[in-house]
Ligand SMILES: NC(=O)c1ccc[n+]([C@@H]2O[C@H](COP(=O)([O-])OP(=O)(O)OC[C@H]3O[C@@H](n4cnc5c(N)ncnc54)[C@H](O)[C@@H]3O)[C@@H](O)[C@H]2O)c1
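First, one chain by itself in C-alpha cells, the form predicted alone.
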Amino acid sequence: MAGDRKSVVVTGGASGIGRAAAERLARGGWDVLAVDLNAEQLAWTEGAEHVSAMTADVSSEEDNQRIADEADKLFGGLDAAIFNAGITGGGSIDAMPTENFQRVFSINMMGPVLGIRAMLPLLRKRENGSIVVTSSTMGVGGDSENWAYGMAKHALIGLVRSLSRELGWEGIRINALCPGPTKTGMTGNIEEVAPAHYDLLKRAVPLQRWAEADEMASVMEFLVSPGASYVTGHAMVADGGTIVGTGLLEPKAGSQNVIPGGINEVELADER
C-alpha cells in the first residue's frame, strides 16, 4: 500500500452500487480490489487509478480465499471489506424451484459469510477495520413473491448484529446498507421496459425519485470512514423515506425530484 492510502475489497464491483463504491473510494484515497463474476463488465477498471480487478464467484469458499490472497499480495492487509455482490430472484413459495432459491441464498447470504471468514485475517492486520454488507429495504420489510431475496437480506442484518458483538473487541466494525429503489445494473432499463412499475416505486418514495448508485456509494464511504468510528451493528436504511410510511396513503407528490448538489457535482457511474 502506497503512502497513506487505505485498502478495500469491493465485491459486485463490475456495475451498479459496487462500481460506484469502488470509483468513489479510489477517488477518496483508497486502493481498491474490485471483484465480480462478470469479467466483461470489470473492463471499466482498465486504466483506472488505484483500482485492481479480479473475477471470482463469491459463493465459492475457494474463490473467497483467492480474493483474500490477492488482496494480501496487493495491499499486505485490508482496512475495509464491502460485500455487495447480489442477485435478484422471485417466485411464489410453492412454485419457485429449489435450485433458484439456493442460488439466491448462496450469493446474497453465504457470499458475505464466506467473504468475511476469508478477509478477517487481513482486517486483523490493520487497526479499526470495517465491514459493510449490502442488505435491502427488503431486509427490514417484505414483499410478495420476493421471499427468497427478502429472507437472505433479513439474514444479513442478523449477521451484522451478531458479528458486531463478536468482533467489536478487536476494533472491527460491521454494518449493513439497506438501499431503497436504486438505478443499477440489477434494475437495468426498468424505466423503459416497465414504466408503470418504475413510476409506482417512484411515487412511493417521499423524495419522489429513484436513487443513483453513487448515493448508495456515499453511504458506504461514510460507513468505512473514521467518521463512523462508533457505528457498528447498524442496518442503515437509505431509501428516500419509503419505509417510514404506513402503506395506507401515498406520500405527498410533486415535481421536486432533483439530486442534491453534493451528488450532482461528482461524475456518476455509467450504469450498464
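Treat the numbers as computed from the prediction; the structure is a model and nothing was measured. Numbers follow the displayed sequence, beginning with 1.
What comes next is about the form predicted in complex with the ligand, which is not displayed.
Gly180: heavy atom within 4.5 Å of the ligand in the predicted bound form?
Looking in the predicted bound form, residue contacts with the ligand include Gly180, since a heavy atom lies within 4.5 Å.
Taking the ligand as it sits in the predicted bound form, is Asp36 in contact with it (heavy atom to heavy atom, 4.5 Å or less)?
The answer is yes: Asp36 has a heavy atom within 4.5 Å of the ligand.
Going by a heavy atom distance of 4.5 Å, is Ala68 a contact of the ligand in the predicted bound form?
Looking in the predicted bound form, residue contacts with the ligand do not include Ala68, since no heavy atom lies within 4.5 Å.
For Ser130, is any heavy atom within 4.5 Å of the ligand in the predicted bound form, or not?
Outside the cut-off, so no.
Ok, Ala148, Leu114, Ala85, Leu123: which has a heavy atom sitting within 4.5 Å of the ligand in the predicted bound form?
Filtering the options by heavy-atom distance leaves Ala85.
Are all three residues Ser7, Ala80 and Ser225 in contact with the ligand in the predicted bound form, where contact means a non-hydrogen atom within 4.5 Å?
Contact check failed for every one of Ser7, Ala80 and Ser225.
Among the candidate stretches 225-233, 243-251, 24-32, 54-62, which one is within 4.5 Å of the ligand in the predicted bound form when only heavy atoms are counted?
Careful reading of the contacts points to 54-62.
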